[in-house]
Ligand code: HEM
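In structure tokens, the next block holds one chain alone, the form predicted on its own.
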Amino acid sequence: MTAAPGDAILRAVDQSALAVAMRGELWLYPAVEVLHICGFVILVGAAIMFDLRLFGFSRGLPVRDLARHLLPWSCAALLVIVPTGLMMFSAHAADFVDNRAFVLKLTLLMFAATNAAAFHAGVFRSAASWDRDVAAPLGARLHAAASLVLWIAIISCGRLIAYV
């Protein structure tokens, strides 16, 4: 039986100095995981606050101003989430690629990113007409609903990785 090309990559990741340290240093993995969760709290918190605004909460707060305020926080959170996620992945790469919750989490993350990009490239371009004291259009509310569902599912999958 021949090994799949991905097996060599997983073996290399598994044997990397980072992976060995993540598995061997008592407090490294938990510290990285806490940073990962803190980053997710900021990212998902910003997304939920924005989604709630699109659903009509705090209509006096301009949508574009809220986006300008929250987007840098979301980007900064990604600068924490991505490297910490990769660090945790390195410690158990072979296990994670076979974990249904992990694979589903990554798939849902791609959908969440696509949803956000589609929102900003589409309906958000007309935000000047519904910026304040006006209901967001149906398209914006649909993106917000998808965002909420996706982020709740992503968080759930992240938590389930340890149990599946």
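All residue numbers refer to positions in the sequence shown, first residue = 1. Please read these numbers as outputs of a predicted model, since none were measured by experiment.
We do not show the form predicted in complex with ligand HEM, though everything after this point is about it.
Asker: Though ligand HEM is not shown, can you say which of Val123, Ala136, Leu43, Val63 has a heavy atom within 4.5 Å of it in the model of the complex?
Answerer: Exactly one residue meets the criterion: Leu43.
Asker: Please pick out the stretch from 53 to 61, 113 to 121, 127 to 135, 35 to 43 that is in contact with ligand HEM in the model of the complex, where contact means heavy atoms within 4.5 Å.
Answerer: After filtering at 4.5 Å, what remains is 35 to 43.
Asker: Is Phe89 near ligand HEM? Define near as a heavy atom within 4.5 Å, in the model of the complex.
Answerer: Answer yes; at least one heavy atom of Phe89 falls within 4.5 Å of ligand HEM in the model of the complex.
Asker: Tell me, yes or no, whether Ile155 is in contact with ligand HEM in the model of the complex, where a contact means a heavy atom of each within 4.5 Å.
Answerer: Heavy-atom contact with ligand HEM at 4.5 Å: present for Ile155.
Asker: Determine whether any heavy atom of Ala4 comes within 4.5 Å of a heavy atom of ligand HEM in the model of the complex, and answer yes or no.
Answerer: Although ligand HEM is absent here, Ala4 would stay clear of it in the model of the complex, with no heavy atoms inside 4.5 Å.
Asker: Quick one: does Leu78 come within 4.5 Å of ligand HEM in the model of the complex, counting heavy atoms only?
Answerer: Yes, contact at 4.5 Å.
Asker: Give, in sequence order, every residue of 89 to 113 that has a heavy atom within 4.5 Å of ligand HEM in the model of the complex, or say none if there are no such residues.
Answerer: Sequence-ordered list: Phe89, Phe96, Phe102, Lys105, Leu106, Leu109.
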